[in-house]
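Next up: a single chain in structure tokens, the form predicted alone.
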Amino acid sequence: MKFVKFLIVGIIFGIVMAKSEAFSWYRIQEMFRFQSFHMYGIIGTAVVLGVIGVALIKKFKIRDFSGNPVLFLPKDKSYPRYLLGGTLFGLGWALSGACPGPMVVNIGYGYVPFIIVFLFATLGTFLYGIIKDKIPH
């Protein structure tokens, strides 16, 4: 039954991505070329809602689906690794025209080339899992 809840949330997420055009390769390219505010508005709205959501989770001590407390652990201060990771993510996003959420929405819309993007994103995640303990902090 839990699967159905997540499936419904995923479907709603896909509909929102499609209706807001956030999955559009053209909208993403406009953003990276500083030609349109559209995507910056969507991302800015998501950041504001995320900040409010985290504040509410902390204030009301909301628990996860299993009843465990939601913990927010401090990040380490290794800024070079965040700069490198963010740069790689941004390059992949700009080159492919999609980050993970829109990538799946594009596949759902029938844009077959995004299957290749999805496969390489999955491969990259798998390889990171293998080498993450070997990367200097």
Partner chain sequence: MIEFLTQPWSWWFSGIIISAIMFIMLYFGQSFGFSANLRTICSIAGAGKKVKFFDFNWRSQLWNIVFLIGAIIGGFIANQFLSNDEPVKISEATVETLSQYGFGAPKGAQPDELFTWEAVFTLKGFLVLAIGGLLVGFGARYAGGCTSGHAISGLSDLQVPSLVAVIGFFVGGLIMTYVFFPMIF
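We call the rigid core whatever largest set of C-alpha positions still superposes within 1.5 Å between the two forms. Residue numbers count along the first chain shown, from 1. Please read these numbers as outputs of a predicted model, since none were measured by experiment.
Heads up, the form predicted in complex with its partner chain isn't pictured, but that's what we're talking about next.
Find out whether any non-hydrogen atom of residue 60 is located within 4.5 angstroms of its partner chain in the model of the complex, and reply yes or no. Residue 60 lies outside the contact set for its partner chain.
Heavy atom within 4.5 Å of its partner chain in the model of the complex: which residues of 3-26 qualify? The stretch touches the partner through 3, 5, 6, 7, 9, 10, 11, 12, 13, 14, 15, 16, 17, 18, 19, 20, 21, 23, 24, 25, 26.
After superposing the rigid core, is the C-alpha displacement of residue 62 2 Å or more between the shown form and the other one? For residue 62, whose C-alpha is compared between the shown form and the other one after core superposition, the shift is 2 Å or more.
For residue 53, is the CA shift between the shown form and the other one at least 2 Å following rigid-core superposition? Passes the 2 Å threshold, so yes.
Once the two forms are fit on the core, has residue 26 moved its CA by at least 2 Å between the shown form and the other one? Comparing the forms between the shown form and the other one, which are aligned on their rigid core, residue 26 does not shift its C-alpha by 2 Å or more.
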